[in-house]
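In structure tokens, one chain follows: the form predicted on its own.
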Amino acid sequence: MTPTELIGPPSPLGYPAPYWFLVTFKVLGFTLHMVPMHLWFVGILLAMIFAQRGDVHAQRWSARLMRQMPVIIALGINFGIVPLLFTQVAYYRVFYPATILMAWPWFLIIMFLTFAYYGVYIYVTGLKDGAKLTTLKRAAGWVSAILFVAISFLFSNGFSLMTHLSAWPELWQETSVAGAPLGTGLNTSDPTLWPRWLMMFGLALTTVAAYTVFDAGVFARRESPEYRRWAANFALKFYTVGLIWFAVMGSWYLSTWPADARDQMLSSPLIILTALAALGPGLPWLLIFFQRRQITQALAILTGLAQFGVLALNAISRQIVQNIELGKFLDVTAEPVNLQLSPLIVFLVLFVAGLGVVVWMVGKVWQAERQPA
């Protein structure tokens, strides 16, 4: 059996919107999702370490981030629905077969996310004034940190398996009975899986550092000058570590690209995008460097916007590589379009309204932080 035979059949309904519309919101949604996703991917783990072994400022940083984490997780989950929805619409012919092959690990994501979310809430109750951070609540925090790392690994498996079609026949034969897949497969044989996942971890390190500056400059107005100086120094060191990690793992990831993907991404005009995605983290690092002695609100906001741009470049680059990898088996842009205008209008209205609510919430927090303690 060839990989092409395992690809899902085309839908007679076609796409409900042009491909450019679907892929635009897929990339935009993933970029919006990456910001909170990085904060729980790396931030919770670091917060738990600082809570037990950090100095007074590190423990304060840990408490601040974890108090914000329930809202951060809620935003991340809701933003994550957007790219998942458009992946299912535009890439249904490879998304569903891939997730069938790893059905049980894919279903585990829901269970892991539920326990991780509850674990964060349990931990945060121990940070309230007068509450005691018991052993059980500390354990809940650690369980949440580990589960979010596991969730990221399973998601990386699913989305890398979606383009690793050459592995499907063997994976299907190894995890099936009488031709029926058991849904126990994982994409661990994919040479791009580990470097891509670890590169994303390095990118998450930089996002946590950039958010530290953003939080100290925008939301932490009531904190002491000593804490804000500590936050600036910590962010610079942590972003530097993340930058090095991202560069090393990114180089490894690039070396595992298929030859056609490497040729196209390193040739004009796509080499410009590849270079921007690789060098992009340098801009937030410079902005943090300029604030190493004093964080200002204007530069903190610019740091956050620059980091968002870094994540957007990464998402766009990954999308193009994904299409190149699939191009050997499937042309996702060739599906017929059966425009469904009314659902698109409803989606756009709700999407804009949702972003407006998020902006309003952030504005309220910012106003509250500017009030006297």
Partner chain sequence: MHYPAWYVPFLTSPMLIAIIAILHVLVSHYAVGGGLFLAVETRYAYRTNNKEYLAYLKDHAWFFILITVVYGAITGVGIWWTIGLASPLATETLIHTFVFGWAMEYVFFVLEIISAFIFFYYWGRLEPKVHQAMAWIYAFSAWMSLVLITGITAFMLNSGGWVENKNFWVGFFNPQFVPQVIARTGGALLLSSLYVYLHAAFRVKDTALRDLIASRSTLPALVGAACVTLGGIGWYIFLPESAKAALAAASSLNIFMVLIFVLTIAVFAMLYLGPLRHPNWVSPGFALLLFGMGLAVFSAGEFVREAVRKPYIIYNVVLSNQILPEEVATLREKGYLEGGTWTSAWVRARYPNVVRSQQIDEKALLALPEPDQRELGKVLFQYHCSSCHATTEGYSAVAQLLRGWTPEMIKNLVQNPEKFHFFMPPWAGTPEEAELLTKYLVSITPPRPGGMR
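Positions refer to the first chain, counted from 1. These figures come from a predicted structure and were not determined experimentally.
Although it is not shown, the form predicted together with its partner chain is what the next lines describe.
In terms of contact with its partner chain in the predicted complex, the residue from 132, 237, 293, 222 that brings a heavy atom within 4.5 Å is 222. Only one of 153, 106, 252, 142 comes within 4.5 Å of its partner chain in the predicted complex through a heavy atom, and that residue is 106. Contact with its partner chain, judged by heavy atoms within 4.5 Å in the predicted complex, is confined among 204-212, 269-277, 285-293, 178-186 to 178-186. Contact annotation for residue 17: at least one heavy atom lies within 4.5 Å of its partner chain in the predicted complex.
Of the heavy atoms in residue 97, some are within 4.5 Å of its partner chain in the predicted complex. Residue contact with its partner chain in the predicted complex: residue 54 places no heavy atom within 4.5 Å of it. At a distance threshold of 4.5 angstroms between non-hydrogen atoms, residue 265 is out of contact with its partner chain in the predicted complex. Within 4.5 Å of its partner chain in the predicted complex, a heavy atom is found for every one of 89, 172 and 360. In the predicted complex, 1, 5, 6, 7, 8, 9, 11, 12, 13, 14, 15, 16, 17, 21 are the residues of 1-38 with at least one heavy atom within 4.5 Å of its partner chain, listed from first to last.
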